[in-house]
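Okay, here we've got a single chain as structure tokens, the form predicted on its own, with questions on binding and movement later.
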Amino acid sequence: MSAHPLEIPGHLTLTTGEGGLPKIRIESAFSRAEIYLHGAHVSHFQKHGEPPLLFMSAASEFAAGKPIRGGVPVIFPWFGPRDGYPAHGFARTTEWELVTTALLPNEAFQLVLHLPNSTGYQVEFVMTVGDQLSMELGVTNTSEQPFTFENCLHTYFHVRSISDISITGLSNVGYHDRIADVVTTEGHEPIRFEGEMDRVYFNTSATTEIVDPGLGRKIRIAKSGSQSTVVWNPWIAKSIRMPDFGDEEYIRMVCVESGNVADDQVTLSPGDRAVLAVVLSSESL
């Protein structure tokens, strides 16, 4: 079988992934990554000599019409439930189109995917794989009316133990506690976990860090074009209720999500474009 014209031999290949879904595998001088066309979903990123940066559930369903559990789901054009429609929008269950691939001068690899069959707007997702993982979700309003949407890169991170990690960068930031349904303000201390957490921090463009003494590393989440940060861990009871998530997998993951949700939603005038950009990097403690 001949190679796909967008492959870069020895480095960027198109193959068949879980559930028979098309997958892109990238081997750079610094790292390894895997991206599914289903949902434009980054399912794996791992720097050489380090544990994986992203968490993937062993119970995830890889099937048409179903979201992939773990990695980086692309949330668009709404966040959370919506009556009569799929939760978190349709971008994460749509097969995207691979448009371009490139080897950059810094030896990183870049690929561009488009969300097909869009009316009134265009969406592209640019991923750059090197010693860090960069993601840019661009939305352009191609209609003659304002276009309002929510977006989020719903990133699952791999940690040694949820009870031992802390998250910095959100001190004194207001948030909506979606479990207690109250709005309050974060204190001065790093965020720690003692139970289920589902918080939407608003009006913040701050860089956050996951400090993981068990793995001896710090993960940095730098972002732009984003005013919301979501912090989530399902803990015990919710994990048991989730059919595509292992009962004890909550121990090894945390979601720190960058986007624009609720009151931070984006409204684009005709012809305008917005870019949600996230750069994930890691270093030893």
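Numbers follow the displayed sequence, beginning with 1. Computed from a predicted model, the values in this text were never measured in an experiment.
Same protein, other form: the form predicted in complex with a small molecule, not shown, and the subject of what follows.
When you look in the predicted bound form, the only residue of D198, E186, E209, E150 with a non-hydrogen atom within 4.5 Å of the small molecule is D198. Contact annotation: of the candidates A33, V230, I221, V254, the single residue with a non-hydrogen atom within 4.5 angstroms of the small molecule in the predicted bound form is V230. Contact with the small molecule in the predicted bound form, judged as any non-hydrogen atom within 4.5 angstroms, is confined among 109-117, 123-131, 210-218, 87-95 to 87-95. Among residues of the shown chain, H48 is not one whose heavy atoms approach the small molecule to within 4.5 Å in the predicted bound form. Mapping the unseen interface onto this chain, R69 counts among the residues with a heavy atom inside 4.5 Å of the small molecule in the predicted bound form.
By the criterion of a heavy atom within 4.5 Å, F157 is excluded from the residues contacting the small molecule in the predicted bound form.
Interface residue remark: Y175 is not counted as part of the site for the small molecule in the predicted bound form, having no heavy atom within 4.5 Å.
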